[in-house]
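The data below hold one chain only, encoded as structure tokens and taken in the form predicted on its own.
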């Protein structure tokens, strides 16, 4: 078989590029186009009517559409921040524990930790909704044993969003622990031995050696955790439906309500574009901050 390397490269990449075009590029281009249209999801695309920046001006306005979207965006940012602040330190702590000589070959413990990530979010949401039950939930029963009154985990605006964060932490921590363990195994033994000779022990060794060498792993983990948190949908849709009083109404669930339940496809597409731009800006800022820190 003959052919130039360039021809073979194009032939080998064409299936992947075709899949990306069908499932990523074309839907993205369609969403961008629809964000400038007034279009109902109950009508064909040909019924879309060009309104320019009308959807965006409505979102950034002071009416109910803009107010609800800003609340959903704020809920998403709070959910993401709380999740990342808990998941990353916890995963690093568990990874350091698993990386100790006594547990380094304990693959069963690693499998158990990672297995929570493999459970479908639908099943996780169903189980945790029972755990949070005010009267019969094991969590409130355990609190009662130590004299704490039962809490309305999912029915109170003060605790509903944090309850979903706890659910997310339970499912995601195992995955990021495995990533942190992989990062620890990549640290050269020569650096570790040199630090030991210089007298680095305990927390000093962790802060001066381990944590700086985990910077790339933590950067990757932080970005993935941020993307996962912004995309949260199943637990909100199955447990709280955005309540109570809109306290768990995150952007993905809000976009679904606007675009599908209210059939305002153009407005929902504009909201999706704004979320994508905000997420892209956050990721770019994280990369820029990491770059400046490494140069320093």
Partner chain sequence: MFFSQQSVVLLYLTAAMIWRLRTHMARWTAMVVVCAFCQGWTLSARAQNPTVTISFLTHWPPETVAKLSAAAKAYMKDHPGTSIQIRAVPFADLLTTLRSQAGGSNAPTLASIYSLWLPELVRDAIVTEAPEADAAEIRKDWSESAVTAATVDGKIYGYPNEIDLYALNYNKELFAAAGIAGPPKTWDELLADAERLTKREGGHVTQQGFGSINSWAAGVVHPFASLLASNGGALVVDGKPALDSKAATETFGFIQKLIDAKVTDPSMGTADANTTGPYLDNFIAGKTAMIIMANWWESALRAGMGQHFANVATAPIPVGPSGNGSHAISYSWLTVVNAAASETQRRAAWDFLRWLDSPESGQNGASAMGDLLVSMGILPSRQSDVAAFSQRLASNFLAGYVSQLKAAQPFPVVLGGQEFTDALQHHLEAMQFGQERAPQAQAQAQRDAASILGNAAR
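Numbering follows the first chain given and starts at 1. Computed from a prediction, not measured in an experiment: that's the story for all the values here.
Keep in mind that the form predicted together with the partner chain is not shown, yet the notes after this line are about it.
The partner chain in the predicted bound form comes within 4.5 Å of no heavy atom belonging to residue 34. Contact check for residue 135: a non-hydrogen atom falls within 4.5 Å of the partner chain in the predicted bound form.
In the predicted bound form, the partner chain sits beyond 4.5 Å of every heavy atom of residue 54. Although the partner is absent from this view, residue 245 contacts the partner chain in the predicted bound form, with a non-hydrogen atom inside 4.5 angstroms.
Listed stretches are 78-86, 212-220, 172-180, 156-164; the contact stretch with the partner chain in the predicted bound form is 156-164, by a heavy atom cutoff of 4.5 Å.
Taking the partner chain as it sits in the predicted bound form, the stretch 13-52 comes within 4.5 angstroms of it through a non-hydrogen atom at 40, 42.
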